[in-house]
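Heads up, the chain below is alone and in the form predicted alone; it's given as structure tokens.
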Amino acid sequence: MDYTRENFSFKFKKTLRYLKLYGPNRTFVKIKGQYHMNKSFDKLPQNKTNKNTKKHVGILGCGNYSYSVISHYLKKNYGKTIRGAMDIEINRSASIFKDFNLDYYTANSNEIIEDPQIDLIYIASNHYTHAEYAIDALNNDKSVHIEKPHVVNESQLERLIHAMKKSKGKVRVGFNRPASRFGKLIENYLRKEDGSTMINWFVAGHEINPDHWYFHDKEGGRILGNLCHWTDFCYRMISEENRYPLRIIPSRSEKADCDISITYVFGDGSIATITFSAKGHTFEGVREKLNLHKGNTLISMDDYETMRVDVVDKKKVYKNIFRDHGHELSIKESYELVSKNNEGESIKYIYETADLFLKTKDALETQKEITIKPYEESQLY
């Protein structure tokens, strides 16, 4: 929904609600991000000619997420570090250039990918291009942050892994929820318990118009565009030695990627169910509730605002002042691929989390149960 086109009453209520949920600074940049999407320059700004810049980050894809999350958190934590931005809609790359004091903007991805002063690229374009840009960047020995999904088909996954093996660059994927405060707490509690896990997610997603680009054939639809957040989180909640073989059991009616339920049965008997509902506009954005039980630990989490943890006779309630989906830490962890020379994602993880959401899509489309196995290098070569 384009909030800038709504009436004053709607925008006023939306602003008040966001102030409560996200605080003044985050609300302000979210509002600016909405207007950024409709920005149109009468005369495009002039690129800078300074070649002695210390800026070293590039952005491919300049939508709302790049404006209000990637650019915002890079500036907040590291100052003026973005050198160039690209979008096929030149007004959007020009808008980020102007508002975040970049050196240049462009509609040509090669200018960013081949820029010798850029060593890290954040990729947040349309879904089909994520892997294509990442492969080109890795072939130029750049490190990359790839927003979800990192691939939309098995061919892209194979080529991405091949590029990772050859490149000096490193890779992180923008699954932000495990980087949230509650995500970290859940991980710590689970480590202390033995046995299988029961996981139940209920997610109410945004309504998206049928002609939205998410639904274009090559983009992968909402399973790859949205549900992959929770397939990845479930994957991470189960320890590596207990994940496989992993059964995928689909439930759906008319649509294969909206109003669906998917059940995973892991190798150790753990069960995870994700119910994804998309029926109308959710005024506060995506809504999600998690219930989880492992050993003596029972966890209930609502919208990254509150979380209750019961361990036998002990109860603890955690509250966030503002909603924390982990975006800031996710952006920082990717920046530290180069600033602190941190390790990127393993090839095993890149393959397995993608294989899970790709096979989930297949299971829902065919309405057939699928069993998947862990990554082995021989699978691809």
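Remember, it's a predicted structure, so these values are computed and weren't measured experimentally. Residue positions are given as counts along the sequence shown, with the first one as 1.
What follows is about the form predicted in complex with a small molecule, which we do not show.
A.B. asks: Tell me which of 347-355, 312-320, 47-55, 60-68 has residues with heavy atoms within 4.5 angstroms of the small molecule in the predicted bound form?
C.D. replies: Single hit among the candidates: 60-68.
A.B. asks: Considering only heavy atoms, tell me if residue 29 and the small molecule come within 4.5 Å of each other in the predicted bound form.
C.D. replies: Residue 29: no contact with the small molecule in the predicted bound form.
A.B. asks: At the 4.5 Å heavy atom threshold, is residue 172 in contact with the small molecule in the predicted bound form?
C.D. replies: Answer no; every heavy atom of residue 172 is more than 4.5 Å from the small molecule in the predicted bound form.
A.B. asks: Spell out, yes or no, whether the shortest heavy atom distance between residue 88 and the small molecule in the predicted bound form is within 4.5 Å.
C.D. replies: Taking the distances in the predicted bound form, the answer for residue 88 is yes, it comes within 4.5 Å of the small molecule.
A.B. asks: Does the small molecule come within 4.5 Å of any heavy atom of residue 273 in the predicted bound form?
C.D. replies: Output for residue 273 is no: heavy atoms all beyond 4.5 Å of the small molecule.
A.B. asks: Considering the small molecule in the predicted bound form, which of 129, 180, 197, 297 comes within 4.5 Å of it through any heavy atom?
C.D. replies: Looking at 129, 180, 197, 297 one by one, just 129 meets the 4.5 Å heavy-atom criterion.
A.B. asks: May I ask you to choose, among 304, 214, 264, 73, the residue with a heavy atom within 4.5 Å of the small molecule in the predicted bound form?
C.D. replies: Of 304, 214, 264, 73, the residue with a heavy atom within 4.5 Å of the small molecule in the predicted bound form is 214.
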